[in-house]
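Starting off, we have a lone chain in the form predicted on its own, written out as structure tokens.
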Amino acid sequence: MTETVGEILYNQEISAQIFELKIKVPDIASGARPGQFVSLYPEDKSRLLPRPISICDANDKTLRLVYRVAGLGTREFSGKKEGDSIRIVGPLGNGFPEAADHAGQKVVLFGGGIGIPPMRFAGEAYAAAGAQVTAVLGYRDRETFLSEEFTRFGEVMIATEDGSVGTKGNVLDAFRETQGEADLICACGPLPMLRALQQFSREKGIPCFLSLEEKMACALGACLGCVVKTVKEDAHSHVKNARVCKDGPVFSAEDIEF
């Protein structure tokens, strides 16, 4: 984990209230793994806490983040221009299973809403390792941001709530239109989607890893503000809880109680 100041290279709206942000920050970008996140600090001193944002893509020098404007902090970020600086901490948390361990396997990635960007990073990694990648993406309407990029890695299925693109319904509705086979499931999205995928993976006997979206304060594991119920008892606190920021955000579906 590194705390530093990065340089804004690009920051543009790519869909309604959805922004793509590229930051030159080699110390963090070079060590990032799919499923991890970073924390960005607003400049406004009335907002002391950082905002956690998942990593959409990374190389040796640059981080790419795709975020939704949801409050005053992200509203401030949306006004950043090329050449501006931003305080950043990361990479944080753990990631999805190592791509190299799943070469030749059928890996299905589920993304819902703003949970789609981190699955793009995962898709690239699994495809590069030789996995057969299928992406199942859920949107509200025809604003299917990032969907074209997933076609570089494999098959793409789209579900929209209003039926304007792809299957009308949710990501499981879209996936069930096929045979629904997989060797590994990875997902990020809203809680109802993750809960449904947990049940689906148990029924099918498919290993499943879920990236949880929780409100965070410190994002470092100190404040215990983002705990989730777990099946196993924590060895230190002796309670069935885990910190999403530190122990996650990616968990095995078998270890979580929704």
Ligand SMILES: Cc1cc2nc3c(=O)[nH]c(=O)nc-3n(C[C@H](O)[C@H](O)[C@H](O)COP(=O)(O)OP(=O)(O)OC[C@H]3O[C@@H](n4cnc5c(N)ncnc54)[C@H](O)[C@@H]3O)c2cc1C
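Heads up: residue numbers just count along the shown sequence, starting at 1. The structure displayed is predicted, hence computed values, not measured ones.
This next part talks about the form predicted together with this ligand, which is not shown.
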property: Residues Phe37, Thr74 and Glu214 all lining this ligand in the predicted bound form, heavy atom within 4.5 Å; result: yes
property: Position in contact with this ligand when the complex is considered in the predicted bound form, options Ala196, Val66, Ala29, Ile206, heavy atoms within 4.5 Å; result: Val66
property: Partner proximity in the predicted bound form: Ala58 to this ligand, non-hydrogen atom cutoff 4.5 Å; result: no
property: Ile114 within 4.5 Å of this ligand in the predicted bound form, heavy atoms; result: yes
property: Touches this ligand in the predicted bound form: Arg33 (any heavy atom, 4.5 Å); result: no
property: In the predicted bound form, Pro50 touching this ligand (heavy atom, 4.5 Å); result: yes
